[in-house]
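In the form predicted on its own, a lone chain appears below as structure tokens.
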């Protein structure tokens, strides 16, 4: 404890208190779902649409986001963003990276560099491209070429994993 704190407590008879811990408050009754905005540099996929849940692949780990989630900013890694619109409708997108911003007002903003519906991908094409990228990563002619191939391998392995869970 600093000298100033000791003097202030003595002079003003201030008692030490345990630090307060604050929790997320409950959502208001009018908020029944999560408002999602999902944008790319060239396209808006969702704009303020109410959804039930969104599952993201963040660098800190996979997470599910519901209304009234604790505010956070998450970096997205290559992986699947699953949007559960309601009990009967789910859409999956593969994103190469970006950010998810969870706001205190039960809204979620996802800004991705690239995102494509999972059903647009061919498992055979991914296997072929992955084999080529792995060859280049181990036997590329320059260090730059090998590093680019390593990034391709990471993205293609994530995509292959996502299609396996499709």
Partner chain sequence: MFAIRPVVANATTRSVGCQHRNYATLKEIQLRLKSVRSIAKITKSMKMIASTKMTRAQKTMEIARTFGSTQTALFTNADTKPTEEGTTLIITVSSDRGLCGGIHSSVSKASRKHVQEKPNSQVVVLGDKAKAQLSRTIRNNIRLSFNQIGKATPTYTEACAIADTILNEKIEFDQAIIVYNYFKSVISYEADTIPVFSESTFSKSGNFDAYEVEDDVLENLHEFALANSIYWGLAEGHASEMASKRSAMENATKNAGEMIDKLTLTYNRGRQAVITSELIDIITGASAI
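Positions refer to the first chain, counted from 1. Here the structure is a predicted model, which is why all the values come from computation and not from measurement.
There is another form of this protein, the form predicted together with the partner chain, and it is not shown here; the text below is about that form.
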Though the partner chain is not shown, can you say which of 55, 134, 111, 68 has a heavy atom within 4.5 Å of it in the predicted complex?
111
Of these, 51, 40, 118, 126, which has a heavy atom no more than 4.5 Å from the partner chain in the predicted complex?
40
Is it true that 91, 93 and 161, all three, sit within 4.5 Å of the partner chain in the predicted complex, judged by heavy atoms?
no
Taking the partner chain as it sits in the predicted complex, is residue 86 in contact with it (heavy atom to heavy atom, 4.5 Å or less)?
no
Quick one: is residue 33 in contact with the partner chain in the predicted complex, heavy atoms, 4.5 Å cut-off?
no
Even though the partner isn't displayed, in the predicted complex is residue 44 close enough to the partner chain, meaning a heavy atom within 4.5 Å?
yes
Would residue 104 count as a contact of the partner chain in the predicted complex, using a 4.5 angstroms cut-off between non-hydrogen atoms?
yes
